[in-house]
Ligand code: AMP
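Shown here is one chain on its own, the form predicted on its own, set out as structure tokens.
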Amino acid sequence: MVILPDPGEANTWCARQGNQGLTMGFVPTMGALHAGHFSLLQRAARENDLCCASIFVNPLQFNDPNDLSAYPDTLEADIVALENHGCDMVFRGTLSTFFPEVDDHEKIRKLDPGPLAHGLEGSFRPGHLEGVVTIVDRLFRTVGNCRAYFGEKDYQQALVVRDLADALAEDNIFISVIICPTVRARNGLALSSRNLRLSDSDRNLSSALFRALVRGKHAWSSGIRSKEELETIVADCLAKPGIRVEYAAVRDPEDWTSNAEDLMAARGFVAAYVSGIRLIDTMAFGSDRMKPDSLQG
């Protein structure tokens, strides 16, 4: 596996492979890799001639400095894991190497993530999705034409990234955004790098996020179509000591900004804190044309 220290060298490497007619799968990460990342890497390697990944903890997308400072650093183990899961090249970088045109990081112009960023993460993590699209734009420009693999758990982020990929086509950079199903622990907890900070008892408690979404899915299957009623069912299931709920929301994935009370399609979203660690999860309640694998930029 090729290990490159900055995006400039990665761009040269990727361009060389593209010039030889090889297809590229790309998995952007912030390190602290887990089985969810590995599933993305394995699929990227299986569906393309080559697979590359990035490791960069992006300060632009952290609205909480404490969250940034607490983010796990497992670089040596990550490098070994990448090679073991089919990665051909991994690159890193700094804000200075990703944005060489800016001499002051405070002057980096964040991109507008668009209307799909309204609500949910866009409301509760101000600046987060702006930071995501700003760095993903640079990552996509580094790798060039590719299939890029993201996890379903960060669903709203995936929608925003899909729109970014559509916009990059105007610059003759063609990215297919492929969303892969959430990988879960045995108790249903969605895998996340932040889970490394959970105690065993916290992990057990955190499985309530999954159970709440399952309860919402069952309610949908029973015929309930009221957005308010579905959100109440999900929220009530999360009302447990030790869990601080940030949001329990239901949206129509086919009409993201709709304010309709009765839904034609539904997906549940939850965000909550357990022992100060923020966790998110999502689940399709019924037929969902925006389900994993269908978000193609």
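One rule holds for the numbers: they count along the sequence shown, beginning at 1. Everything numeric here is computed off the predicted structure, so don't read it as measured data.
There is another form of this protein, the form predicted together with the ligand, and it is not shown here; the text below is about that form.
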Inset, instruction - Tell me, please, which stretch of 115 to 123, 83 to 91, 216 to 224, 154 to 162 lies within 4.5 angstroms of the ligand in the predicted complex when heavy atoms are compared? - result: 154 to 162
Inset, instruction - Scan Leu230, Ala45, Met30, Leu60 and let me know which has any heavy atom within 4.5 Å of the ligand in the predicted complex. - result: Met30
Inset, instruction - Would you please decide whether Tyr149 lies within 4.5 angstroms of the ligand in the predicted complex, comparing each non-hydrogen atom pair? - result: yes
Legend entry - in the predicted complex, Tyr71 touching the ligand (heavy atom, 4.5 Å): yes
Inset, instruction - Considering only heavy atoms, tell me if Thr97 and the ligand come within 4.5 Å of each other in the predicted complex. - result: no
Legend entry - Pro181, heavy atom within 4.5 angstroms of the ligand in the predicted complex: yes
Inset, instruction - May I ask you to list the residues of 25 to 40 that have any heavy atom within 4.5 angstroms of the ligand in the predicted complex, in sequence order? - result: Pro28, Thr29, Met30, Gly31, His34, Gly36, His37, Ser39, Leu40
